[in-house]
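For reference, the chain that follows is the form predicted alone, supplied as structure tokens.
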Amino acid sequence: MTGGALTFGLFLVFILVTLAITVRARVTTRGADDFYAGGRTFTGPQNGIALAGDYMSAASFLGIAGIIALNGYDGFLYSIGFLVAWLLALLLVELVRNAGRFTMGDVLVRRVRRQAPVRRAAAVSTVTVSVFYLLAQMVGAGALVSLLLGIHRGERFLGMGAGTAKTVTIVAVGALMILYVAFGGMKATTWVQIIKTGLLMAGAVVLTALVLGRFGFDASAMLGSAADASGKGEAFLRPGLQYGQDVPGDAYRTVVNKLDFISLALALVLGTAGLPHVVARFFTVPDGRAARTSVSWAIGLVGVFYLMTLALGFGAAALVGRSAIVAQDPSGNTAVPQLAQAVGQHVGGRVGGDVLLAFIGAVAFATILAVVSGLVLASSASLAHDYFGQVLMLGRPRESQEVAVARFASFLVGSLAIVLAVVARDLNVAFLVALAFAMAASANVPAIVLSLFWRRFNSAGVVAGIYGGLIGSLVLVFFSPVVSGKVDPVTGQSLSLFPTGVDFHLFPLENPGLVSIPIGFACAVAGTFAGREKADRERYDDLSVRALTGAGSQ
């Protein structure tokens, strides 16, 4: 059996197991509590494992290790940024859990008089952030699974060419995520996340142990070998290869590079607490204490995982080599699979390499599938609960109606993501992940934080903050070098979405967070003072007591 066929077989096993879970979850899902929040029956540790799974996407597992393998210390900074983000989440999680019920919109309307515009804004922001994040994950899935199955340009797999296989992969991932969400709701999605996290941690532990074993469990020896094999020498172990680069003789470009790195870090750190699928998971536990336990478990798992990505990244640089990694994928996303094959071959020959590669490939597939399911669920819940139930039906829908709309909404959002991902399958959409974090940090975090802590805040401020942060992020990215005007100084090829010769960029940074996050807060404050509505102090006091103590929370 070839490595590709073995990987495909493990994919099928994972799909069959998760479909069985979905059928079981469908039988026990009866109302809105079950569909949106899994009946609030998950324990803190269970939800913490699922929460860690939501956060440890394919971009984390494969992307960060790849960045470390190619850029050394700067990739390590990326890992630290993701980990620090959880510290902010820990500060907000119990308050958000106590204040809300199913969605971010529930938290925001708790203390305002005019709920309809706030619900609409929350739904628009949730769907927009989720679709951008979904698109990046699904386009990445097409490219990644094709590589892991060994489908290269000019080759065929199960009678399909590489391009067709990529499209089929995107459609299959999209169809499965719709199935999980529409039939199993939060129960199925959570158990898929728990299984995926178990597989991911097991795969990372085995691979890390094998890598460190090659160097006699001497981390210094591994780092030295990685620096030697990188072609960068000691610079590989110091900052500046990828982010915040100094450009000799060009002070402006040097400053822009450093500001861009700060902007990216701000979006990663602040955006986590505003990602819709992360916020939605806080409501699956019975109380605020369990929510805090969830985050503690998630921090532990995420911390251990990102420590292991250091060994995987530097191990790949040392054992696979930069040239082999770049030859397979210039962005380094296949560094971990290549590392798995290398250490597997060292232990068990060709068969050992194929088995370990197949296992890591299946883990990557499970990771993608679980994360996109969480995103679709968050979007469909906001559309059905915030917009249909509370705006169109004036807060008086039958529970069965709302759940039926949520199932239909998951089909709509999933189908939209599939179509967009197929259209964009050959584009470099890696920037969309950073954009999704920037939008969450600019639109959602100001609204959540000011709702919880500013007595004067009102509905006009919530709406202005959400739309201001959202539109600000999108406009800044549209006029950034990500979309036009960035050219490789060596090859002259375009590094933007538009081809060489098209240049309308006005904003110098590739990551908008440094400007768009202050815009979000400024719009929220300006909207509050410009709005005619007076803040409801009784509602704010009720929210404060509820958020801090959990009294009256559901």
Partner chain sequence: MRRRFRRAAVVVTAGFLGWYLVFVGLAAFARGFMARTVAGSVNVALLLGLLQFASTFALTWGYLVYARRRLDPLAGELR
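This structure is a prediction, so every number in the text was calculated from the model and none was measured. Positions refer to the first chain, counted from 1.
Omitted from view is the form predicted in complex with its partner chain, to which the following refers.
For the options 121, 266, 318, 448, the one in contact with its partner chain in the model of the complex, meaning a heavy atom within 4.5 Å, is 266. Out of the listed residues 77, 206, 391, 175, 77 is the one that sits within 4.5 Å of its partner chain in the model of the complex by at least one heavy atom. Not displayed here, its partner chain is kept clear of residue 404 by more than 4.5 Å at the level of heavy atoms in the model of the complex. For the chain shown alone, residue 239 is a contact residue for its partner chain in the model of the complex, at least one non-hydrogen atom being within 4.5 angstroms. Under a 4.5 angstroms non-hydrogen atom cutoff, its partner chain in the model of the complex has residue 452 among its neighbouring residues. Using a 4.5 Å cutoff between non-hydrogen atoms, residue 5 does not count as a contact of its partner chain in the model of the complex. Comment: 93 to 101 is the region of 477 to 485, 404 to 412, 93 to 101, 391 to 399 lying near its partner chain in the model of the complex, near meaning a non-hydrogen atom within 4.5 Å. Proximity of 25, 35 and 370 to its partner chain in the model of the complex is absent: no residue of the three has a non-hydrogen atom within 4.5 angstroms. Within 4.5 angstroms of its partner chain in the model of the complex, the stretch 211 to 233 places a non-hydrogen atom from each of 220, 223, 224, taken in sequence order.
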